[in-house]
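We give structure tokens for two forms of one protein chain below, kept apart as structure 1 and structure 2.
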Structure 1
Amino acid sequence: MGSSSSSTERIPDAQELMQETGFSAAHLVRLYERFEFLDKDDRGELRLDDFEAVSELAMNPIGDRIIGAFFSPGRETVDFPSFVRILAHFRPTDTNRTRNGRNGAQPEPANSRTSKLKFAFQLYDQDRDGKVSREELLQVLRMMLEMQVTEEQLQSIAERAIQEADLDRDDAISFDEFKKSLEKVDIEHKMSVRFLE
């Protein structure tokens, strides 16, 4: 794909982004086009209302949380590198390690199993204290099950879910407990999206 190298010129730090996230040039170009599409005011960064303009997200029960995940804590805008880094979590897991040329200093790739799980964990853990408390779990459950169960039933479900996963009895789920409870789940399949070229 010889021509793509010219189109990545518009994208700042394209090579580093490709290296870091593992996206190919074609992917990156397409994502950049999407970024520009979402960025209605042409500011070079996305704000909350840009995300909310995506109509289907409003119907998604956890749409707000997903949008929130794009924004680093304390920041109100999302620039292109952050946009791509979050999306990189959803790339299918690389089966060939050589692609990233791993050496000791290489950080965990964004689409490894641990990184994916960390992303999922942070959806629950809004206050970033490293633990999912009962309240936080309840909030997520409430969002997903709102129409169909009563508040008491929600409480019971949250209670039981915590009991199942909470191994050190601190009434909250830490990241390791979260990982352990999902060890049988095929995360590579379940948390991957095909990125079109």
Structure 2
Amino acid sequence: MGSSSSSTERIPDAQELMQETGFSAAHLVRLYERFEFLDKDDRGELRLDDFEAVSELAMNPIGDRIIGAFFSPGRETVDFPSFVRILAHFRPTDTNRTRNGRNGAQPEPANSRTSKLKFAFQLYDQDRDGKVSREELLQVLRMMLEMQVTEEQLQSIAERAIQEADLDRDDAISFDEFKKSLEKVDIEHKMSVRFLE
């Protein structure tokens, strides 16, 4: 395959993307190959229907929401740098890139616990008002549980989740409440994908 640096020469802004996302040259080359594979019409960008070729997303009950996260509001395409930035949320946490090694001017890595939680929160907060309402929570539960439980059981699950997480009693879950409710969850593991396996 040749050296990783020569392989990244065909990738626009490869060094900047590796620095920003923490992906290695080998990861970036692999992601670029995957991007090109999905880009059937060789447009240099992906559309919603290009993601239909990813069987794991097609089988995921919230696959549509995950796919939607790749697209900025009002945009119908995603370029390679944006594709990589979203996938960086799923990169395993790198213990060598800790917060202690960064100055205050650098943003938190996309694969940090907080960034992963923000990404997950946005999958629920579809109206982007900064809160997960009971109805938004029910929508996700319906997608995930489908026919496994009754509507009454779904309502009960949503009610209990709101009661447990809603610390300010506004009948919705803010990001801080969402983060607190998942304190004991190993989100780093649950939201990690090994990209070269």
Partner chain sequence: MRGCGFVHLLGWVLLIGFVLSVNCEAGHESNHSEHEHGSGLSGIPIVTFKWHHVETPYLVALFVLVSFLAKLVIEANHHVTNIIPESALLICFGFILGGIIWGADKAQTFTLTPTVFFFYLLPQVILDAGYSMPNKLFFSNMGAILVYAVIGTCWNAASLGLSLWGCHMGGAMGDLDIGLLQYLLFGSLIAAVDPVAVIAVFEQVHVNEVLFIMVFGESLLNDGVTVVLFNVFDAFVSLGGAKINAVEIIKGIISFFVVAFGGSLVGFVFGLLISLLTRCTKNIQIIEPGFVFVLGYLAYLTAEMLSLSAILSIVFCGMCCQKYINSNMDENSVNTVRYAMKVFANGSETIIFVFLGISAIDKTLWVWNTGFILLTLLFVIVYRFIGVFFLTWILNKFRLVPLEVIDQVIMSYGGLRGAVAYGLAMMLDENKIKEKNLMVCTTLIVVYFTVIIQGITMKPLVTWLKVRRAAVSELTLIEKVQNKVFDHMLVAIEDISGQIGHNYMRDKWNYFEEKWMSRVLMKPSARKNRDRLFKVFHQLNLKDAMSYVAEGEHQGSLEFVRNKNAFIDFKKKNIDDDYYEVMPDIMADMSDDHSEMSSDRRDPVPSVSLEMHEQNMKAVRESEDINTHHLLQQHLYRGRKQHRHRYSRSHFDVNKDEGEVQEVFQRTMRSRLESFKSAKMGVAPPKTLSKHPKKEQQQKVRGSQSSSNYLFTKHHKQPETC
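Note that this is a predicted model, so its numbers are computed, not measured. Here, rigid core means the biggest group of C-alpha atoms that superpose within 1.5 Å across both forms. By convention here, residues take numbers in order along the sequence of structure 1, the first being 1.
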query	finding
Selected structure - the one that is the form predicted alone	2
Large Cα move at I66 between structures 1 and 2, threshold 2 Å, rigid core	no
CA of D42, rigid core aligned, shift of 2 Å or more between structures 1 and 2	no
L57 C-alpha moves between structures 1 and 2 by 2 Å or more, core aligned	yes
